[in-house]
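Just the one chain here, the form predicted alone, laid out as structure tokens.
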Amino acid sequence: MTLDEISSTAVRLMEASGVEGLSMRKLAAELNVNPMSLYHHVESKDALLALICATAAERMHMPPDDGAPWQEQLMALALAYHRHAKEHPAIWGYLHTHPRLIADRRLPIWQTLYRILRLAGVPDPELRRTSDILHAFVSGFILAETQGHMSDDPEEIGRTFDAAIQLIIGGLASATS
């Protein structure tokens, strides 16, 4: 049994029954191991949840540094984040009620966003503030969507999300020119 097997099984259980439905005992049963053996890999359920959240970006398709314009890369990152939030609502919800889990700016999602913001011309001293603002806007959109404050038509949500990201891109382009 590897840490990756534990994590992916825990994600599956978490998505099926929420954070409250995930327990070390249920996870062990799913993996067909003694519950105590899990503690050789993770010290607690909280540590397991932190691991799942920290590796969430690894399960997300991040835009590569391929020379594409920053606007396209920012749109790709926003779409990947949106898709991941929709595919893994329990993880997304847990992350956003435990901000310490996403505060580490060394996480791949932040490093990707910082790279894109630098391409857009955001000065290094402004990276944290700008990334926090963009994260708040995109997360707010996703929260409004998941709480039923928007159309339930997936095509309309897609168009609205695209429009929101285009507004963000336009504002960022204006602020950095």
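This is a predicted model, so every value here is computed, not measured. In this text, residue numbers run from 1 along the sequence as written. The term rigid core refers to the maximal set of C-alpha atoms that superpose within 1.5 Å between the two forms.
Form predicted in complex with a further copy of the same chain: not shown, discussed below.
Task: Heavy atom of residue 70 within 4.5 Å of a further copy of the same chain in the model of the complex - done: So residue 70 does not count as contacting a further copy of the same chain.
Open item on the list: Is residue 137 part of the interface with a further copy of the same chain in the model of the complex - any heavy atom within 4.5 Å?
Closed with: Contact with a further copy of the same chain, yes.
- [ ] Would you check, heavy atoms only and a 4.5 Å threshold, whether residue 159 touches a further copy of the same chain in the model of the complex?
- [x] Yes.
Task: in the model of the complex, residue 59 touching a further copy of the same chain (heavy atom, 4.5 Å) - done: Residue 59 lies outside the contact set for a further copy of the same chain.
Open item on the list: Please tell me which of 132, 124, 43, 66 lies within 4.5 Å of a further copy of the same chain in the model of the complex, judged by heavy atoms.
Closed with: Among 132, 124, 43, 66, a heavy atom within 4.5 Å of a further copy of the same chain in the model of the complex occurs only for 132.
TODO: Kindly indicate whether 26, 50 and 109 are, all three, within 4.5 angstroms of a further copy of the same chain in the model of the complex, using heavy atoms.
DONE: So, no: the whole triplet misses a further copy of the same chain.
Open item on the list: Suppose contact means any heavy atom within 4.5 Å; which members of 143 to 173 contact a further copy of the same chain in the model of the complex?
Closed with: In sequence order, 143, 144, 147, 148, 149, 150, 156, 159, 160, 163, 164, 167, 168, 170, 171, 172 come within 4.5 Å of the partner.
Task: Displaced residue check between this form and the one not shown: residue 101, CA, 2 Å or over, core reference - done: Yes; that C-alpha moves by at least 2 Å between this form and the one not shown.
Open item on the list: Please determine whether the C-alpha atom of residue 46 is displaced by 2 Å or more between this form and the one not shown following superposition on the rigid core.
Closed with: Yes; residue 46 is a residue whose C-alpha shifts (by 2 Å or more) between this form and the one not shown when the cores are overlaid.
- [ ] Take the rigid core as the frame of reference and indicate whether the C-alpha of residue 20 shifts by 2 Å or more between this form and the one not shown.
- [x] True for residue 20: a C-alpha shift of 2 Å or more.
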